[in-house]
Ligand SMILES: Nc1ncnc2c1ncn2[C@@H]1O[C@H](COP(=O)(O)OP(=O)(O)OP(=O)(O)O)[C@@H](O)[C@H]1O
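There is one chain below, alone, in C-alpha cells, taken in the form predicted alone.
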Amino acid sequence: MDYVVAFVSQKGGVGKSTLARAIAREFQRNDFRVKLADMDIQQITTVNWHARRLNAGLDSVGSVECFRTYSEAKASAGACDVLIVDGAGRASSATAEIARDADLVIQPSAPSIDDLQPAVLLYHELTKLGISRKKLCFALTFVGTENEEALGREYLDHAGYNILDGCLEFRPSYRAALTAGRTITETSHKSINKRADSLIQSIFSTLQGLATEETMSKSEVEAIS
C-alpha cells in the first residue's frame, strides 16, 4: 500500500466525510486503487453516500466499506494503493491507532473558536503520544468570509500545526452535491468546484511532500549504515 490518509475529528459535522469522499474520487481519477473505510458503524453515512452515487450512474470512488476497527480496515485494503480512513465523528483510542499508522492525518475544523479549541487539543494529545506534528494537518471548513479564514489560520499557526491551502466554504451547493452522491468538486457551479479543488490538491501535494521527505530520510539512513 502506498498511502494511508486519515480524516479525524473531535466532533461530528465538521466536514470530515466530505473531504474523505472528495480525496477518494481524486485518487481514483488518478488511477490509484482506493479503499475508503467508513469507521462509523452506527451511521454509515459514507457507505450510504456511495450507494447513492452508484445508483445515480456516477463513477465509483473505489471500494467503500464500513469497519468496526482500523485493523480490520487495513487488512481489507489488500492490494489497494491507498487507504482513506473516514474516522468516526468523535475522538477515541482508535484515533491514536489510526494517527500512528497514517501517512497523513487531516482534521477539518470550522474557523470558530468553539471548533478550533477542541480540535487543537486533540492534536496536542496525539503529539503527547509521540505522533509527529509533521503529518498532522488542519483543513478549514464551512468558512463564511475571508476574515474568518484569516483568523482561523492565525489561531492554528500559533498552535504550531500545518494548515492546508484553500478552504471549504459554507455553500448549499456542496450539500446538494453530497445528497446526489457527488463530491464537492462535482457541483453544478464551476467556480466553487475550483475552490474546493484547491483544498483537495493541497492534500495531494502535502502527502507527496511527506512521502518524498520520508524517502530521503530512508536513503540517508541507508547511506550511513
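Each residue number is its position in the shown sequence, starting from 1. What you see is a predicted model; the values in this text were computed from it and never measured.
If you look for the form predicted together with this ligand, you will not find it shown, but the lines that follow are about it.
Residue heavy atoms within 4.5 Å of this ligand in the predicted bound form occur in exactly one stretch of 63-71, 23-31, 172-180, 157-165, and that stretch is 172-180. Contact between Val14 and this ligand in the predicted bound form is found at the 4.5 Å heavy atom cutoff. The closest heavy atom approach of Gln43 to this ligand in the predicted bound form falls within 4.5 Å. Within this chain, Phe142 lines the site of this ligand in the predicted bound form, having a heavy atom no more than 4.5 Å away. Contact annotation for Gly89: at least one heavy atom lies within 4.5 Å of this ligand in the predicted bound form. No residues of 98-131 lie near this ligand in the predicted bound form, the criterion being any heavy atom within 4.5 Å.
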